[in-house]
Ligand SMILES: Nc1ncnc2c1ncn2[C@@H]1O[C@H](COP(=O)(O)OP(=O)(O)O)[C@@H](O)[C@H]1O
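First comes one chain, alone, set out as structure tokens in the form predicted on its own.
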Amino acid sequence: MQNPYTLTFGKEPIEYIKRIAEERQILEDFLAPNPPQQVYMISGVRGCGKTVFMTDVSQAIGKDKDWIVVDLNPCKSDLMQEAAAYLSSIQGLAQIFQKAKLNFSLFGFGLEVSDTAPIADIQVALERMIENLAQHHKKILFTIDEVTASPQIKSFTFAVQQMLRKNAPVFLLMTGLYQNISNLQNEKNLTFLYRAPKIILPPLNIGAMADNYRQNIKLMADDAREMAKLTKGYPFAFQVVGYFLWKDPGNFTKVISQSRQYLEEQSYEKIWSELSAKDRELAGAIAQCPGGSIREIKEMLHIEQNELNPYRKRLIRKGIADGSMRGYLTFSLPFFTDFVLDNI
């Protein structure tokens, strides 16, 4: 039987834990008769399940015949061109554009309308497409995975902002690392992103993970609970631990060793490389204070609370640290303490 857990980033696994509350929040807003929000940004640490979560939301929306979901590649040089080309390729939509006498011949897609001058600007073309789709009660959801503050992303989000001002039925769902989304929000021409809700994906439910391990790997309830707690709710760890448990369900020592090594090589080394020197310094202090006492961390770093706060908040927002318990700061990733101690 096939292993239902995957070691591949971004791939929707056979077994995974759905984020019911966060998904319902977006769906209720987007599907409302008068949507209170038309843009959502999904953030979190590498391996927290941003891509899988966005796929879940877009697939749920795509089941509605009045919705068109357009998945955009953030690496493409012109996202508006990609969006317009995709819309013109969908069966049934070409006829709508043809009846509206929209001539897209200059862009290399769509049907040429001989008695109408071709549209020369791609943003105008995309807006005209959406205007005509709106007349047929269609709504468009654009999704972009792993955004950065690149010129193409900035250009496309600015175009979306202009369409929203015209009450166009467009919706935007983006995922990205905390720093990348922050950089995009800080663009002076994209102020609407400040008002857009940002969901930082929380840890997975430990009970749901334990039930999954118990049912699929046939572990005893106590063993399943301990292995689930070991992951700290980190989605990539849930997959990694599950993968090695499936292969060798009785050898917990071996599973833990293999899981730690795989997480370090495939996730933590990249996360560590993206931290600033100050972030690493704070991470080192957290790792050397087993209880996670902020008082001890400050003493080790020889800093005051006001000096600690900016870096503390940054590690929390990046999904690396957990500051939910007052007076304490610990790592939210499994085995990360040992990884940091090995790398400072």
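If you're wondering where the values come from, they're calculated on a predicted model, not measured in any experiment. Residue indices: 1-based, along the sequence shown.
The same protein has a further form, the form predicted together with the named molecule, not shown here; the description that follows concerns it.
- Scanning L204, L102, I140, L245 against the named molecule in the model of the complex with a 4.5 Å heavy atom cut-off leaves one residue, L204.
- This chain is drawn without the named molecule; in the model of the complex, the residue among Y268, F97, F236, F156 with a heavy atom within 4.5 Å of it is F236.
- Interface membership of K318, defined by any non-hydrogen atom within 4.5 Å of the named molecule in the model of the complex, is ruled out.
- The named molecule is not drawn, but in the model of the complex it has no heavy atom within 4.5 Å of I61.
- Heavy atoms of R46 reach within 4.5 Å of the named molecule in the model of the complex, making it an interface residue.
- Taking non-hydrogen atoms only, E23 never approaches the named molecule to within 4.5 angstroms in the model of the complex.
- Comment: 47 to 55 is the region of 309 to 317, 291 to 299, 47 to 55, 27 to 35 lying near the named molecule in the model of the complex, near meaning a non-hydrogen atom within 4.5 Å.
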